[in-house]
Structures are given as structure tokens and as C-alpha cells.
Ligand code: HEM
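One chain comes next, on its own, written as C-alpha cells: the form predicted on its own.
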């Protein structure tokens, strides 16, 4: 197996730089997650997710972040493989060094984090991409936005006659000749298709009104299904339905097995970063006998803050707080 020849120190510096970036991101991600604990019907957290999902700078950053995570994994594996290739015969006895205990398990904890990260992406990020089904929401003003007034007229007509979407389409189709259309004409088909699209939106609005699926300030229509999300993206692309991450997080963490899985995830992250934090300083030569103690303590404080901050969300939600 021939790998590109790059000095081990260079590879370590790449890993360290990428690791430092991820350490900063973890702190940012933790602070954002704590918004879930606010009992404001998701106002803060939904506003944060809306900003993160619509700002083009953030969208570019998401791609960069995913690239950085992949780069960190690949560089670390590359470093492990090349180091083992450089020493094909293992020591008969483990040398007595001052190596931090967690450093011996960095590759293992890294692999576990990667596996659990895929699960986390399936729970949340892949929902945003539409690869995994979730619950969605849309701004009320976008859902009822119709400059022609046609949607409002159809809603009023359906309400007066007690029609749902299918009954509305059937009723209007049966009266097509009264609207001046020739039977089976292309114009009639286009007209009916337009009514059918409007009717599908009306069904979504009617269900929301019946089940009171609105945010407290009525700015959002919530609890849209995956099929309703796809309907809106097809019929009203400008409505731009979004995942309801606040609701999904609170629902997910009502289940004990999900809480336990995420707590394991956070403990593994804790073990990984408790060594990664001082390693970043060591990689760039920023540690010496004067500062080592301070860096070690700072790393422990940071690791515990991350562990407690992330763990607080599933635990407190599970206990109804």
C-alpha cells in the first residue's frame, strides 16, 4: 500500500488545525442546543434553525464543516496507518511513557464518534436534506400567500360547501363547461391541474386549522408530514417548508433509549476531546513546563462544560423540564 509521502509532523499539524476548528464548533453547537430548553414553543431555537437554513453564508459553512469533519477523520486514519507501517513489528513490552491514557484510545473513540455522528445526522441533518422523513413547518404568511386571490376564493367556496380538496376538484371538474371549457381540452386539463394543486394546499391548511397546528404566535404552521412538505415544495416552491427541529428534538428525547444513546455519544466525545484539547497545543508547540498545568486544567474544564452542556438537553427534556 503506497500512501503519499508527507512528513508525520505535517500530518499532525493538519489534524491539529482541523481539530482546533472542531473544538470551537462544538462550543457553538452546544450553546445553540441549549435553546431547546426554553419553554417558548421553539421561538428561539426555530429562529436559529431558520437563520442557519436560509443564510447562504451558513450554507457554505455547512459544506465546509462537513468537509472538515471528513478531512479530520481521513487525516487521522492516514496518520495511524502510516505510523503503523513505519513500525511493522510491535514492541514486546509497552514502553513506560507519560502518554495520556485517553490518547491510546483516540482512534477507537474517533471511530465510535463517526458511527454515532451518522446516527445523529439521520435524526436531524438528513431530515433537512429530505433523505429521512421528519416533521416540518412553514411560515403561515407563505402558505396563504396568493396575489391572485384564487386560493382564498377556493378556500371560502370549499368552506361554504363542506368540501375537502378531492371533493372541491370533483365539483369544479363537473362544472367545467359552465366555466367555458371544452370537454377533454388541453385548457381544461391545465385548469383542473391548477385547481388540484390549490386543493392540495387547502387540505394542508384545513388539517392545520382542525388540529390547531400553529405556533403560539401563529407565524408558523407546524407538524407537516413528509408528503405535505413535498407537496408544498412542488406546488408552492416559494413556501420553502423547513424541518421542525425543536419539536423533533423534544419528541425524540422523550424516549429513554434515545437519551441513553446520546449520553453515550457525549461521553465518547468527552473522552476524545479531553485528550484532543491539550494535543492541539502540543502539536503547535504552544505548551511548555510553565503552561502545561494550566492547559491541562483548561482542557478538563472545557471537556466537562461540553459534556454537561450537551447532556443537559436530552436529560432535562426526558424529565419534562
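Numbering follows the first chain given and starts at 1. Since the structure is predicted, the reported quantities are computational estimates derived from the model, not experimental observations.
Just so you know, the form predicted together with the ligand exists too; it's not on screen, but the next bit is about it.
Relative to the ligand in the predicted complex, residues 117, 128 and 269 are all within 4.5 Å by at least one heavy atom. Judged by heavy atoms within 4.5 Å of the ligand in the predicted complex, the contact stretch among the candidates 154-162, 193-201, 230-238, 120-128 is 120-128. In the predicted complex, residue 38 stays away from the ligand, with no heavy atom inside 4.5 Å. Using a 4.5 angstroms threshold between heavy atoms, residue 136 stays clear of the ligand in the predicted complex. When contacts are judged by a 4.5 Å heavy atom cut-off, residue 52 counts as touching the ligand in the predicted complex. The ligand in the predicted complex is approached by residue 245, whose closest heavy atom lies within 4.5 angstroms of it. With contact defined as any non-hydrogen atom lying within 4.5 angstroms of the ligand in the predicted complex, the contacting residues in 301-318 are 310, 313, 314, given in sequence order.
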